[in-house]
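The chain below stands alone and is given in structure tokens; this is the form predicted alone.
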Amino acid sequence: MQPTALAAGSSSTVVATPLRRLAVASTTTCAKEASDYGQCIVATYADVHKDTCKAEFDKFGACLRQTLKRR
């Protein structure tokens, strides 16, 4: 199903879906944490093992949880 365009005269507000809220939080509010996690992954991608970038991932996840918690 394709998204429909807004009808003429309707409000131009966009409904913030959970996925859209996640995308915005990942690229704005939590951009530093996302960047730190990404840099860790890139630096260790050839020798990945469990919990390699756990600290960075935990900081990124905490930022997202704080930003996206229900109001």
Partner chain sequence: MLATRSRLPPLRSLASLSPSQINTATRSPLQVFDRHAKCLQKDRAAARDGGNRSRTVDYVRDDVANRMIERFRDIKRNFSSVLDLGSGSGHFAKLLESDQTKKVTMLDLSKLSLERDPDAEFEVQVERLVLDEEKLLDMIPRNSQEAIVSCLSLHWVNDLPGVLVQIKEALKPDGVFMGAILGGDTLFELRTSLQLAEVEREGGISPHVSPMADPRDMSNLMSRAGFTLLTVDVDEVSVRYPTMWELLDDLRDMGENNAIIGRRHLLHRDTLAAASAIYKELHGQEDGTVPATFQVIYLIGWKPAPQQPKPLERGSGKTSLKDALE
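Positions refer to the first chain, counted from 1. What you see is a predicted model, and the numbers here were worked out from it, not measured in a lab.
Note that the form predicted together with its partner chain isn't included here; everything after this is about it.
Although the partner is absent here, Cys63 sits far enough away that none of its heavy atoms falls within 4.5 Å of its partner chain in the predicted complex. Contact check for Thr29: no non-hydrogen atom falls within 4.5 Å of its partner chain in the predicted complex.
By the criterion of a heavy atom within 4.5 Å, Ala16 is excluded from the residues contacting its partner chain in the predicted complex. Residues of 30 to 56 that come within 4.5 Å of its partner chain in the predicted complex, judged by any heavy atom, are Ala34, Ser35, Tyr37, Gly38, Gln39, Ile41, Val42, Tyr45, Val48, His49, Lys50, Asp51, Thr52, Cys53, Lys54 in sequence order.
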